[in-house]
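In structure tokens, the next block holds one chain alone, the form predicted on its own.
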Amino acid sequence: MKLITAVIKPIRLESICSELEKAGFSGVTATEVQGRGAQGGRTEYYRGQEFSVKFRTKIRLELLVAESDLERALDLIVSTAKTGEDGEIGDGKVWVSSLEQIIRVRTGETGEAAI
């Protein structure tokens, strides 16, 4: 069992969730987060005043998958999150963590049955 975590551009959330649903991945958690990576901060103007924004708003997606579904889910997330043909700075990051145990609270199911 694996936990896929992806930090993506907010504009990509709906398309990624739609593609995941079409592929049979029904459960996903999305959280609005702030962070920065290679793109760094930026300068903005408000009422003529310049100010620095050090963090950008992103979406953190979390998805539990069976090991047999891992590559399919990763390919789908990465291809849908990418902006343009070659991608752009700020498109995001995806990482995978191993899980010891999953328990569905409502039914008490464990392991892959709880995904």
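On a predicted model such as this, the values are computed, not experimentally measured, just so you know. The numbering used is simple: start at 1 and walk along the sequence shown.
Heads up, the form predicted in complex with another copy of the chain isn't pictured, but that's what we're talking about next.
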For this session: Would you check, heavy atoms only and a 4.5 Å threshold, whether Leu76 touches another copy of the chain in the model of the complex?
Result: no
Exercise. Is there a non-hydrogen atom of Ile11 within 4.5 angstroms of a non-hydrogen atom of another copy of the chain in the model of the complex?
Worked result: no
For this session: Tell me, yes or no, whether Arg72 is in contact with another copy of the chain in the model of the complex, where a contact means a heavy atom of each within 4.5 Å.
Result: no
For this session: Mark Gly84 yes when one of its heavy atoms lies within 4.5 Å of a heavy atom of another copy of the chain in the model of the complex, and no otherwise.
Result: no
For this session: Heavy atoms within 4.5 Å of another copy of the chain in the model of the complex is the criterion; list the residues of 88 to 115 that meet it.
Result: Glu88, Ile89, Asp91, Gly92, Lys93, Val94, Trp95, Val96, Ser97, Ser98, Leu99, Glu100, Gln101, Ile102, Ile103, Arg104, Val105, Arg106, Ala114, Ile115
